[in-house]
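Quick heads-up: the structure tokens below are two forms of one chain, split into structure 1 and structure 2.
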Structure 1
């Protein structure tokens, strides 16, 4: 590749002759790794013009660099970075500025250090990746997604792709969600009651910002999605964790001074409990009684394959009390970063204004591609295919769990894509997870899902959306063997 002339700058305060400055600039570029072996330099004429120096100055500098073997020349075709030029040190070397800022003071608000664990980026290199929320390449309908993306890249959709929508969304996507996605959950809504978000994460974040302040109280499930706890901690509201049972969040345990209740009725995260209909009605009644709002995170309803999903809590809501969070990340793919909020218009108006300030709008091209994928029926087909693939894996999981005497702590009556597990007392799931890596097994230790001081140490989550079904049983065998090894000798399990 030719090095564009625009990347050449003389330091305004540099020492020495122009010629030596040019030499230094080029040598520095090579030594720092910016200019790589074989790359072509601008012609002497071009560089001279760009820098506002005489051409002879550049020619002399180039000749010097030739002699030093930084550059090579190929007859009339110009100058290149020599193959023999010194190699740069590793690219990530610190630049030679001295940071003089006291960042401890300069940073006004800290956001790092939350409870959300760093997940391994290289999960797919593990033999037994029981990770949650990633996608299995073999399940995804890549060909049709590609066709839809192509269609959305066409001239006809040029505006939808390139325009600044300001605070608006793709009307095609909104209409499809209103007409087809929400009705599956029993929800009717008007266009002003929906906002497209950068995934469910972004929907939860926007909701917390709009509804919560330092003087308000949020109730959330315990255990729960760790990123939600980080969001609420950052919003500085009071947070009450409410321990869930086998039916999810118990309405009676929600404190009366709660302003906003966060819940996952379809598949409680992470225990997978599905809230029965009677409890949904009681939860709504409780919210009415204490005048709280409910945020329903329906992040995983599409992977309900064992029984038809129950209607969403939002569909039972006649007062505008429920704010509904939907996501395409589980059913399409997480890298898509597309979800949505459904709620009363005054709420959506504020969430929209905040979204506009934070990021304006999710990219138009992605919204339009998704709209095609949904409306051409590929999404329905994908959800069906994923349902049967997950069903198969779940069967294998149940087989292996029974065979190796592992213990399920939660049950997903409607499917889902993970099991919530309990190791024997005394086993630290974090240590277990770290030891399992040596066996090529990835699991998610459960500690970070719990709030408060007294976190149970022996829970963990096994996702089965990304692991090949033929590896499930062997992976569970490794898991059981590791637990066995960690057990104190003389314990009941030899």
Structure 2
């Protein structure tokens, strides 16, 4: 690759001759790692014009670097960074300038330090990756996704790919959601009541920013999706965690001064509890009683392979009180980062304006590719294959869990892709997860899902969407063996 001439510049306060300054400039670029072995330097004529020096000055500097093996020459093709040039050090180099800013005072609001954990990027290298929310390549329809992407690159879709929608979305994707996706959840809506987002997490952030202030109160499930807790803490609103039970969020426990209720009724995150219809009606009644809004995160409804999913809470709402969050990231692939909000027009109008000021709109090409994948039937076929594969893996999970005496704390009544597990008392799930890595096993500790100071330490989540079914039982055996080793001597496993 040729190095652009714009990356070369002389320091105005540099010492020495122009020739030595050019040598130092190039040597610094090589030693810092900015210039890589084999990359081509600008011609002597082009660099001389760019720097405003004579060509002979650049030629002499190149010749000296050539003699010191920093550069190599390939006949008439020019000068290159030598393969024998010194390699940059493994550690990151300190910047040339000294940071004199007191950032503890300069930063007005902090967004780091939340509870959301980082998933290991190398999860697929582990033999037993019980990780949640990742893609199994054997299930994804890569060939048809590629064809849809190529179709979206065609001349016919040039406008959708290149246009600045500003605050609008791809009408073809909106139409599919209106006519196919939402009716499956019992929801009817108009185009102006839908907003495409960069995944469900972005949808939750937009919702929190529009609805909550420092004086308002949000009620959220405990345990809950850890990123939601980070979002609400950053919004500086009052946050009340409400402990869930085997049926999800108990409406009677929601404080009367609550303004917004966040819930996951289809598959409670992370316990997988499914909220019964009777409780859904009680939740709507409680929201009406205290004049609160409800934000329904309807993730994983597509993975209901045991029985049809219950109607969405939004479908039971007759007052416009429920804001619905949907996502394609779980059913297609996480890196897609494409979700949607459904709500009353005044709310969507404000969320649309906020999105436009932050990122304008999700990329048009991604929206059009997704709309083709959906409308051509590939999505439905993928969901059916995924349901069949998850059913097989769930069966193996249940067999292995029973065989090795592990304890299920929560599982989806309609399906899902994970189990919420409880280790014996006295077992720290974080320590358990750390030790299991040496056995090639990845699990997700549960502490970050809980709020407050007194968090249970012995819960963890086992995802089964990303692990090969033939490895499930052996992986659970390794898990059970590690728990056994961590048990105090003479204790009874429960």
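Numbering follows the first chain given and starts at 1. Take the two forms, superpose them, and find the largest set of C-alpha atoms that agree within 1.5 Å; that set is the rigid core. Only a predicted model underlies this, so the values are computations on that prediction, with no experimental measurement involved.
Trainee: 1 or 2: which is the form predicted in complex with a further copy of the same chain?
Mentor: Form predicted in complex with a further copy of the same chain: structure 1.
Trainee: Can we say the CA of residue 39 moves by at least 2 Å between structure 1 and structure 2 when the core is superposed?
Mentor: Yes; that C-alpha moves by at least 2 Å between structure 1 and structure 2.
Trainee: Classify residue 480 as shifted (yes) or not shifted (no) between structure 1 and structure 2, where shifted means its C-alpha moves by 2 Å or more with the rigid core superposed.
Mentor: Shift at residue 480: below 2 Å after core fit.
Trainee: When you overlay the rigid core, is the Cα of residue 443 off by 2 Å or more between structure 1 and structure 2?
Mentor: It does not, since the residue 443 C-alpha is displaced less than 2 Å between structure 1 and structure 2 after the core fit.
Trainee: For residue 106, give the CA shift between structure 1 and structure 2 in Å, the superposition being done on the rigid core.
Mentor: For residue 106, the C-alpha ends up 2.5 Å from its position in the other form.
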